[in-house]
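Encoded as structure tokens, the following chain is the form predicted on its own, with no partner shown.
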């Protein structure tokens, strides 16, 4: 559909932008819409960066002000002189199935049209077998993102609280669960901090593809844990304590086969180490680890070999765990086990989705507060070679490891208003230009900006509705308030009746 004509100004048309005047009956064009122009090099594509309304009757402010003192400008046919100007940023050209940079400006007088939907899909990098996340703003085009481009080099979802991070993540999970075998399916593992994804287990359609494990029931046999992992969890151990721990685990593995923290403590007590302080401090550290009830003699839940399956999701619900340290140890343990199993090709390629990632890969933190940061950064750097992908979800990107965030080649950004977070996002995400940066603070709930490897150019997407039923831990605030008062009243009545 033709919407206007390119005009000549002092600065355009150029190879980077042009101005055009809209036809009288085409004033429904929106900022952000994609347009195209037929040129000798092929179809030139761009987006409407800004719209301006002009009228020659109102160009001289002093004349309008003086005339309006005694008369009204409406007496004149001002509507006949009213027109819209559009400013277009050029993205490139499409010719014979290839997309190239624009090497020559379009000609003044050339007609501007709304971008063809089919060509636009190819121009932006969408594929028919891609993940349907939503639709492009101002166009009837589904945003079908290629799975490999979106996830292989990792994904970051960044937004302030309440902007729709969990909704977007749920849409991504639905797409992974519905994906056909012939298109390539991966496994999904979710670190669910607040129980926001438990609805998948209760859903009629997706429940059969979902395994839900309560965080308080997660346990792994000590024999599957290395001394180096325990040392990472307890970074304050001295060199003699580390050596004693390694000897204990090495000897028990040869003699006992199955053993737990109790047996390690007994071995340490019976060892011939000269300094008692070494024994006492190491036993105290192991006692703290024992209280977390993570390591066992035989119990293994979840069984990653059996529970991590293509086209299915494993949800680890941490909502019952209060200790951040315990959560970090669990994330460290699970991520290391997943990565090790994947490198040996014992499990399917997987996506590890981590909610509140800034708590597990904090940028500035002491060693004892950054237990899980190391493995997250390792997967971020090396995971793409082995089919181990990360999705880091955070509402405080300024606190998130720069190493991990910079390795996420695709960023999906929802509304962010904190200036520090905005600066951090712009420094860590390639492809964010001035237009995108200005728009981040004004995004509405359900709107997202896709930037990076997954798309050829930054795009604004309206996230689609969920197919699954939304259920999460906790009731709405007004329901919690009602329940509290009703329960309290019943207790008071019971006390009075008893007295």
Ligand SMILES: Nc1ncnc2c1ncn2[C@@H]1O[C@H](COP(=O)(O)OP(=O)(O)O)[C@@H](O)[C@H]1O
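The model shown is predicted, which means the values in this text are computed figures rather than measured ones. Residue numbers count along the first chain shown, from 1.
The same protein has a further form, the form predicted in complex with the named molecule, not shown here; the description that follows concerns it.
- Using a 4.5 angstroms threshold between heavy atoms, residue 160 counts as touching the named molecule in the predicted complex.
- Although the partner is absent from this view, residue 463 contacts the named molecule in the predicted complex, with a non-hydrogen atom inside 4.5 angstroms.
- Heavy atoms of residue 196 reach within 4.5 Å of the named molecule in the predicted complex, making it an interface residue.
- In the predicted complex, the named molecule lies within 4.5 Å of some heavy atom of residue 470.
- 166 is the sole member of 211, 137, 409, 166 with a non-hydrogen atom within 4.5 Å of the named molecule in the predicted complex.
- Residue in contact with the named molecule in the predicted complex (any heavy atom within 4.5 Å), chosen from 445, 437, 51, 54: 445.
- This chain is displayed without the named molecule, yet in the predicted complex the stretch 166 to 174 from 144 to 152, 309 to 317, 166 to 174, 179 to 187 comes within 4.5 Å of it by heavy atoms.
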